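The chain below stands alone and is given in structure tokens; this is the form predicted alone.
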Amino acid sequence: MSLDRTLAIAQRLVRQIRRDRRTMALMVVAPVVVLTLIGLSFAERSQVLDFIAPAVLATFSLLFVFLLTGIGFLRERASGTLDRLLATPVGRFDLLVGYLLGFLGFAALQALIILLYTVYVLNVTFRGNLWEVILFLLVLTATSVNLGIFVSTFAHNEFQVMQFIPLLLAPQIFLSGIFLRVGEMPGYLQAIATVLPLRYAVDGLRALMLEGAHLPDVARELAILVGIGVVVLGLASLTVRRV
């Protein structure tokens, strides 16, 4: 892997997204609007909001980052940029890592906005260390970026990217312990839950935010999220192709 080529791809992508003012605005406005509605809905039931806040944080971080990356990478393919890069000596893994780094900064910013708004505006109960939650979210964000890149390699337009939401993300919401603990589910659903990144994101954030745990206490969840991210990026390197 060539570090110079990888960084050059990341820098080009960062400049391109920064020039897209509409995308930059939506990165901030969309999560704030959704979280405000959730806060207003549970205004009289603060204990319920405290319990679901880590799950909401994990879910929306995964969802918004997935959309940002999936649609952004698809646009790179549709515009012919990916074709031109693949025609150069740049390897596929160089290409994907470059896009990962390029998207990661914006995705991390969006996740940070969601976290700070949840903690300081919605005033949810918070017993952990903020910096540890931020680091955990960075790992989740990297995994979400890789998932968005991987899924976008199978889509031919933005509508098809959106269709992956009910296929890949909706089942995770119901099987990740948000509404019903994983241990109380039927065995076959527990088996499916073991490969869902949102399950480990929810468990880790609940431990950090509600139980006052520290990063070493959620090392298992972190390791699994990293492993899923690496596997998905590897699969994307095998499936990336021209439009």
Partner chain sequence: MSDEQPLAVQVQGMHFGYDGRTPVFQGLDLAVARGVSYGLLGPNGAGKTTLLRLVAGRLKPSRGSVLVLGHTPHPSLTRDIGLMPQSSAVYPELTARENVDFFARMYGMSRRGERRERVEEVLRFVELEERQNTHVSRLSGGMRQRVSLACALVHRPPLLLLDEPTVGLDPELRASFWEHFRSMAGEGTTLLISSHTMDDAAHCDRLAFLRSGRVVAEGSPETLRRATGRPDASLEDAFLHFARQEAGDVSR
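In this text, all values refer to a predicted model and were calculated from it rather than measured experimentally. So that the term is clear: the rigid core is the largest set of C-alpha atoms that superpose within 1.5 Å between two forms. Numbering follows the first chain given and starts at 1.
Although not depicted, the form predicted together with its partner chain is the subject of the following passage.
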query	finding
Contact residue in the model of the complex, chosen from Leu86, Leu122, Leu112, Leu101 - any heavy atom within 4.5 Å of its partner chain	Leu86
Residue among Ala108, Leu168, Ile173, Val90 with a heavy atom within 4.5 Å of its partner chain in the model of the complex	Val90
Partner proximity in the model of the complex: Leu225 to its partner chain, non-hydrogen atom cutoff 4.5 Å	no
is_contact(Ile9, its partner chain) in the model of the complex, heavy atom dist at most 4.5 Å	yes
Distance check, Ser79 to its partner chain in the model of the complex, heavy atom within 4.5 Å	yes
Close approach of Thr23 to its partner chain in the model of the complex, 4.5 Å, heavy atom	no
Segment that reaches its partner chain in the model of the complex - one of 70-78, 130-138, 113-121, 153-161, heavy atoms within 4.5 Å	70-78
Post core alignment: Val14 C-alpha displaced by 2 Å or more between the shown form and the other one	yes
Post core alignment: Gly128 C-alpha displaced by 2 Å or more between the shown form and the other one	no
C-alpha of Leu95 moved at least 2 Å between the shown form and the other one on rigid core	yes
